[in-house]
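Subsequent text provides C-alpha cells for two forms of one protein chain, presented individually as structure 1 and structure 2.
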Structure 1
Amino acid sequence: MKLGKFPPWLALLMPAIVLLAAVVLVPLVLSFYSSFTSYKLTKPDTLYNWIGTFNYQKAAGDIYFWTAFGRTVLLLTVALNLEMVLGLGLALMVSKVTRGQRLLRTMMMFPMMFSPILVGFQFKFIFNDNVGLVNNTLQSLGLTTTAIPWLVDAHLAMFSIISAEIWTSTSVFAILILAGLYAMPQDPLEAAKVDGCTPLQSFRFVTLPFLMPFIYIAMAIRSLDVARAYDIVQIMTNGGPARRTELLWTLIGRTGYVDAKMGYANAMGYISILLAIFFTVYFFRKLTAARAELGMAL
C-alpha cells in the first residue's frame, strides 16, 4: 500500500502507534525474548545465548523467589483489607460532615499526591531507631525505655512497610467509597428506616451492598499497585534485614541490576505478572457479581 493511499484515520494515529511501539511494544518483546536467554548485563553477547525455559524452571524451584512471592501476597492481603476498612470509615465520617466537607475531601487526597520514594524516606525517618518520631514519642510518654528497632527487626520492618502503604493509599478507597455514598439513592434507606431497621442493619443490608462495586474497583486498582510494590520497600529497608522484607519486585531488581542476571530477572518478572492478572480478574469478577446483585435489589 502506498503512503498516499493510507486511510486518513490511520495517518492520524500513526504517531501514537509509533510512540507506543517504541515505548511499550519493543521493550516488552525484548524482555520476553531475553527471559529465554542467559543474558547478563556484564556480558552483552549472552543476549543471543538461547537456553529455552531454563530460567522459568530455575524460578519455579527458587526458594527466594517463592518466599518473596508469598510475602508479596501477604502484604497485598493485609494492606488491601486494612485500607478498605479505614477508607470506609473515613468516607462515612466525611459524608456526615455538613460544613467544610470540600476542604476535608481535598485533605484526604494529600497522601496519594506524594511519590512512593518520598513516602519511603518519610517513613524511614519516622521509624528511625535513634531520631525517629515513633521512638521519641513512645519514650517521651514513658511507654518504652529503649529504642525499638523498627526497620531492623524482621516482623517490625514488615509492619513499618505496611504502615507506609496504608498511609499513602487509604485515600484511594475513601474517595471511591465517598463517591458511592454520594451516588446512593435515599429511597432504600428511608424505606429501611420506616420498616424499623437499626442504623447498623441499614448499613449492613442497604448501604454496604450498594458500595461493594466501588470497593472492588478500589481493590482492583490497589492490587495492581501493591503487586508491583518496589519504591517504598527499597527506600525503607532495601529488602532487609537478611531479605526478610524482600518482595517480588525488589528481588527482581536485585537480580537484574545488582547480580546482573537480566534474563533470569525478566523470567521472574513474567511469572510475577500472573499474580497481578489473578487478583485483577478476581476483583473484576466480584465487581460484576456485586453489580448484578445490586441491579436485582434495585
Structure 2
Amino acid sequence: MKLGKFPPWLALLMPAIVLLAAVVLVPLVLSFYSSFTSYKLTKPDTLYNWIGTFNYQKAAGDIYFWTAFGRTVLLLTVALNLEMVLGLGLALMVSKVTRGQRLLRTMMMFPMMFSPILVGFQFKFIFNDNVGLVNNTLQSLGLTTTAIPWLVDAHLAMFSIISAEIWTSTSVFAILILAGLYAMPQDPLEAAKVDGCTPLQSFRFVTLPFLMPFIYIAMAIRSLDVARAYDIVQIMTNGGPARRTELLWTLIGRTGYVDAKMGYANAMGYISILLAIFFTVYFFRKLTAARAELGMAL
C-alpha cells in the first residue's frame, strides 16, 4: 500500500497539510492565477482568458492606484503613531489606578467590541456637516458660523477617518502595553530611583525600553489591520469625494465586486500585499532589536 510508505510524522501531519492547502493555498493560488487573466465575475469564462502581466502593468501605470497606495501608507503612519502614543498614555494612567482598575480595563476595551461598520456609521453621523454632533457643538459654542465639511475637505476627511480608526483601536495598544507594564520587574525602577533618576528619566531609560517589544508587537498587528482598512472608510466616505480618501482596499473592493473586474482587483491586491509584508518585516526586525537590547532570547 502506497500510504504505508509515508513516514509516520508526515502521515500524522497530512490532515493538517490537506486542510491548510484547502483553506489557504488553493484560494491563494487561484486568486494569483486569476490576476493574470481578464476574469470578470459576470463572465465566468474569462477566468481562462490568460492575458499575462497586463493587469500588473495597468496597475503599475495607474496614478489613482499609486495615490491610494500612498494614502494608505500615510494613514498607517499617522494612525499607528497616534494610537501608540495615546495607548501608552492610557496604559500608564490605568496602571497607576489603585481602585476600579478591572472596570477601567473592561471599559477601555468597549470600542474594540463595536463592529467597524457600526463605528463607520457612528462617526459618519458625528462628522456630518449639517446634523452632525461636532458641527452642532461648534456652532452652539459660537466657535464657528459655517458648516465645516468634515467628510468632504481634503485634509479634514482623512482626519475624520483617522479619528474613527484611533477611537476604535487605541485600546489594542493600551491593553498590550498594560500587559507589558504588569510584567515589568520593579527592581530596575527602584535602582534608578536610588541612583537619583527623575520620573521622566526612569520612564525614558527604564520603562520605555522594556515596553518596546510590546509596542512593536502591537504595531505589527495593527499595521496589518490598517493596511487592510476598508469597513470604516467604506461607510464614512467610500473613498470619496473625488478620491480624496481613496485607500487601497476601497479601490480594490469597488473594482472587484462593483465593477466585477476580479482579475484586475487581484493584481492590485497582490501588489498591495507588499505593503503589509514591508511593515510586518520592519516591525519584527525592530522587535528583535528591542529584545536583544533587553538581553532577551531572540
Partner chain sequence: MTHIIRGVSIAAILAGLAVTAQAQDFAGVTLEAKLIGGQQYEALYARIAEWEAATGAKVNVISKKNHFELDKEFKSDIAAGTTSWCVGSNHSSFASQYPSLYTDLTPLIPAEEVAAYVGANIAAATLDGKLVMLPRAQFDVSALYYQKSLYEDADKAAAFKAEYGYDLAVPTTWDQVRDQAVFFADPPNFYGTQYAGKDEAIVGRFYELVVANGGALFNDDFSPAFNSDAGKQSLQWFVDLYAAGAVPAGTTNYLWDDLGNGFASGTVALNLDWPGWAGFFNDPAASKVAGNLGVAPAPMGSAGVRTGWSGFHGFSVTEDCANKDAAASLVLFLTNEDSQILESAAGPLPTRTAVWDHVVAEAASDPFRSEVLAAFQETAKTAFAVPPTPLWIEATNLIYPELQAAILGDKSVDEALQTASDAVDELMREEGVY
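C-alpha atoms forming the largest set that superposes within 1.5 Å between two forms make up the rigid core. These numbers were taken from a predicted model, which means no experiment stands behind them. Structure 1 provides the reference sequence; residues are numbered from 1 along it.
Just checking, which of these two is the form predicted in complex with its partner chain? Structure 2, not 1.
Does the distance between the two CA positions of residue 281 reach 2 Å or more between structures 1 and 2, the core being superposed? Shift of 2 Å or more: no.
Once you overlay the rigid core, does the Cα of residue 70 travel 2 Å or further between structures 1 and 2? No, the C-alpha moves less than 2 Å.
Would you say whether residue 26 is displaced between structures 1 and 2, judging by a C-alpha shift of 2 Å or more on the superposed rigid core? Yes; that C-alpha moves by at least 2 Å between structures 1 and 2.
Give me the C-alpha shift of residue 12 between structures 1 and 2, core superposed, in Å. C-alpha displacement of residue 12 between structures 1 and 2: 8.3 Å.
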